[in-house]
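Only one chain is included here, represented as structure tokens and corresponding to the form predicted alone.
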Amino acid sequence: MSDTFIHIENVIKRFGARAAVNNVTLDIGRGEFFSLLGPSGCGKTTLLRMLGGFAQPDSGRILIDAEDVTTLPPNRRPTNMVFQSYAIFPHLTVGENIGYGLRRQKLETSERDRRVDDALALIRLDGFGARRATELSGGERQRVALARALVMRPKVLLLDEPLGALDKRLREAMQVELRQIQRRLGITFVFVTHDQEEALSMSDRIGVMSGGRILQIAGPKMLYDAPNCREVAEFVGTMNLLPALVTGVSGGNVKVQSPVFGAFETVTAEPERYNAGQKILIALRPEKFEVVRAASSPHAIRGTLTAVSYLGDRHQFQITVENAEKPLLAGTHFDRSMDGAPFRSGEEIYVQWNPNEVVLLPKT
């Protein structure tokens, strides 16, 4: 990217024979909110720890703001880290916890107090400085851990699943607050999470990891709408995946034959990935389907509604269709036509779809 601030180049980290991080190259921009997303054991936390100096790569290098920090210890890097456990000192007050790292900087007491007060205001805990750490709620502890890291004025803030211990409502509120703080300060955030919704809602860009490698780097919308492989498609959101065969490629158009969808033609941004006779997967998000009682499109499949789930803002349907190994998932929001009365399990219906909303994936 044009304003690269963090450059990770061919980094490998092994534990025994296993490569926890396997030849990762990655650029993160100045002031970017970048998330590493993936399941447990994929290597995201190990990569974050190497950025912070808490682990050393076996090979490769790491640059921050054009400085090679590969071998520097944590206290000599322009980074600070917020851990999942928060690590709040119970015997200290809130103000003492936040100002703990400032003690080593030999600041005047007045300057240290001013920076602690500024940090308290930033996390909206004005007046909490004298409160005991043991009197804080989970969300307040998370904010104090964040303030303790930010008060050191790092160039990069590293966050290792810091919201994982919060309940859903508080976690969602803290997602908004974290994003607002990052925008206000303009510093680079590198955020590790296994929660896809968390990554999608907060990030400028996301790197999806699996098996120590980065599978795809993209903005939230691109990642959701155009995953580049089956693993990303299955991990990010819910996806219908069906086998198909490429029957022809012309320009940016790919002709496809599907046992479920029949013959159709779709546009792809990477037609060079496909050749006639190639076995592929076609992918469609549940919300891309329209469920109706009477077909009004040439691209409609007849099926039987086998299950209906009420999800608050939408219904999710499981629909058995001919030649499909498992039911299709379709999600219908209430502002879309439900063709009269709500659908019922066992009802014969049609699933309509748009060929240009189909995502083509190599079959792996």
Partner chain sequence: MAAAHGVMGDAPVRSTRHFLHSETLRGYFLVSPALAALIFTLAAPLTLLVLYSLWTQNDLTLDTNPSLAQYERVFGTDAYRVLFLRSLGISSLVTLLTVAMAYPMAYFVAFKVKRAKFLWLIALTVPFWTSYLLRVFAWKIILGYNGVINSGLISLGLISDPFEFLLYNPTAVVVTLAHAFAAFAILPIYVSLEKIDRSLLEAAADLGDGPVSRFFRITLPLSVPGVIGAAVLIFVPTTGDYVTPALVGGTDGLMIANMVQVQFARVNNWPLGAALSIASMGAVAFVACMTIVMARFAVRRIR
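Worth saying up front: this structure is predicted, and the values here are computed from it rather than measured. Numbering follows the first chain given and starts at 1.
As for the form predicted in complex with the partner chain, it is not shown, yet the points below apply to it.
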- Query: Using heavy atoms and a 4.5 Å limit, would one call residue 281 a contact residue for the partner chain in the predicted complex?
  - Reply: no
- Contact test in the predicted complex: residue 148 vs the partner chain, heavy atoms, 4.5 Å: yes
- Message: Please determine whether residue 257 contacts the partner chain in the predicted complex, using a 4.5 Å cut-off between heavy atoms.
- Response: no
- Item | Heavy atom of residue 87 within 4.5 Å of the partner chain in the predicted complex | yes
- Look at the candidate spot formed by 190, 213 and 222 and say whether the partner chain comes within 4.5 Å of a heavy atom in all three of them in the predicted complex. no
- Query: Of 103, 168, 183, 114, which residue is found within 4.5 angstroms of the partner chain in the predicted complex when only non-hydrogen atoms are counted?
  - Reply: 103
- Just one of 164, 139, 286, 74 has a heavy atom within 4.5 angstroms of the partner chain in the predicted complex, so which one? 74
- Just one of 76-84, 245-253, 288-296, 196-204 has residues with a heavy atom within 4.5 Å of the partner chain in the predicted complex, so point it out. 76-84
